[in-house]
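In structure tokens, the next block holds one chain alone, the form predicted alone.
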């Protein structure tokens, strides 16, 4: 084990080095929302697949760039959406929006810019019509052979629309990491209907992790609460591994107190503890280990905000590696108000992004940054990070800002007067 308190950057590098990309698997497009594409998707067809009309009107052609006003043409046929190939002999074709252009015709005049003449089998143009006017040409949206979506894209509903239009039924996605959540503490109560006895608190870490881990691209395969009991914790670890967990997240019992048994329990089962303690706030006692068989364990302190920071800045980067995503890049945003902190620790701050009356984006560090205070987390829409070697930042100083989760972007913000 690396002895002593590590700098965040060194600890994170160890986490990333211990993480490995997971294999690809095929997934039905309709079930792929939120999944990470493992391979580029290349279009096997053009969009639109054929020249078609952009509006209801009359399709026609001309030997010049412009067919002039007052030109009269016989109505040769009618083309509705869904009709197949038609061939023009030189007259006008009544055409509906989205209908395939008859072969030989190259422009469309809106119906309101025409009038019927003679026996209504002939039209007169009430406006000039240019070549290509009101025609959606084949491939103008997407050419065959173009890359539609790149590997590493997070699949969303807008992508679903595109692939549905192309007739793509399945795509290759990276397998979702399998995560188990273990909460420790005899004071914890899971049942919200159960009355609290003196000294008890409700388990907030478990529901938080169970909700956030899937938003980070992983599946929760096991969740359990155990007391301050090392043998019970070891049995819970085994149940997590039996459920197929590749990553285990525990909360509590990693500090230096009498009941902080996780380091000793890991030693007894032959786990390799890679580090224990990082120069961050909150979450300094964070522990990272590799279990026999290769599963990774993140031992987070029990305070709720330490859990949130451990997930956001250690576990989610590991999941990015497993999902085949590049390193995350923060945004640089000016501070709304000056901020001071203790030196030698990297601070992760509950923050709200705002747009002021002048339309400028700013980061407001919220009050209540203590690791036990949950309400400010509910009010935050971002995390701001102050490096360990910085102890004071004036208003307007640029600061690194991260979204609530690594797959949630762009960063949210609020308007303020």
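Positions refer to the first chain, counted from 1. These numbers come from a predicted model, not from an experiment.
Not on display, but discussed next: the form predicted in complex with a small molecule.
Proximity of residue 95 to the small molecule in the model of the complex falls outside the 4.5 Å heavy atom cutoff.
For the chain shown alone, residue 106 is not a contact residue for the small molecule in the model of the complex, no non-hydrogen atom being within 4.5 angstroms. Within 4.5 Å of some heavy atom of the small molecule in the model of the complex lies at least one heavy atom of residue 301. Taking the partner from the other structure, the small molecule in the model of the complex has no heavy atom within 4.5 Å of any heavy atom of residue 144. Contact annotation for the candidate site: 174, 220 and 246 all lie away from the small molecule in the model of the complex (no heavy atom within 4.5 Å).
Comment: 177-185 is the region of 177-185, 80-88, 210-218, 112-120 lying near the small molecule in the model of the complex, near meaning a non-hydrogen atom within 4.5 Å. Checked against the small molecule in the model of the complex, the candidates 204, 137, 238, 71 yield a single residue with a heavy atom inside 4.5 Å, and that residue is 204. Comment: the small molecule is not present in this chain, but in the model of the complex one of 133, 153, 255, 273 has a heavy atom within 4.5 Å of it, namely 255.
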